[in-house]
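Quick heads-up: it's one chain on its own, the form predicted on its own, in C-alpha cells.
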C-alpha cells in the first residue's frame, strides 16, 4: 500500500505536452511509492497507447490520474505546496534543493508542482507555492526532461520517507490530524488574498496596474508564515473591519 508518509502528496503536472512523459511519470510515481497524479489542462492524451506503454506497471496511476482545468483546482485541500523551477527567478524568493525542501511535504495534504516542458511555471503559478525548488545540475547544461525531474524529486521524497523515525515514535494519527487541521488550506488562503487585494485597492495602497506585482510579494510573505486557521480568521477580521469603517458614513460636527 506504500508508505503512509507519502500517501497525501499529489504530483501535479501543469499542461504537460508529451504523452511519453506523462506515462513515464506515472511509472516513477509507482516506483517511488506515491499514489496521486494530477494533470492540469493536459496538452496530450494521457490515456493514449504511448502513455500506457511508458507507464508499464504504473498504468493504474495513469488511469486514476485526476484532470482539472486550472492549477487552483489541483491544489484544493492542500496545506503545503512546493513548486519546481528550472530557471533564475526573483532574488526575493528563496530557492532550495529538493533534498532540503521536499521532506516538508511528508504526512501532509500537499502538492509538488511541475511546469510545462518548454517554459515551466508562470510567475502567477509560482506564487501559489509556499516554497520553490530547483534541481542542481551542471551549469553547462542544466535543463532536465520533465520525466527526469519528476523522477529525481519522487526519489528524494521516497528517501525522506524511509529516513523518518519508525511509526511508533512518530506522532499519533490523531495528533497529526489535529495539527494539520489547524493550518489554513490553500482555498482559504486564496480567499484571503482576494479579500486583501480588494481592500488594499479600496484604500489606495494598491493601484490596478501594479496590484499583481505587489500581491505576489504579499503571497510570498504569508506563504512563508504557514498561517493557521485561527491566524487567518484574525487577518480576515481586520479586513472586514476596515471595509465596515470605509462604508460607515462620516460624522460631521
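Because the structure is predicted, anything quoted here is derived from the model rather than measured. Residue numbers count along the first chain shown, from 1.
Although not depicted, the form predicted together with another copy of the chain is the subject of the following passage.
With another copy of the chain left out of view, the stretch that reaches within 4.5 Å of it through heavy atoms in the predicted bound form is, among 57-65, 40-48, 211-219, 194-202, 57-65. Within 4.5 Å of some heavy atom of another copy of the chain in the predicted bound form lies at least one heavy atom of residue 31. With a 4.5 Å cutoff on heavy atoms, residue 143 counts as touching another copy of the chain in the predicted bound form. In the predicted bound form, another copy of the chain lies within 4.5 Å of some heavy atom of residue 98.
Within 4.5 Å of any heavy atom of another copy of the chain in the predicted bound form lies no heavy atom of residue 109. Heavy atoms closer than or equal to 4.5 Å to another copy of the chain in the predicted bound form belong, across 128-163, to the residues 135, 136, 137, 138, 139, 140, 141, 142, 143, 144, 145, 147, 148, 151, 152, 155, 156, 158, 159, 162, ordered by sequence position.
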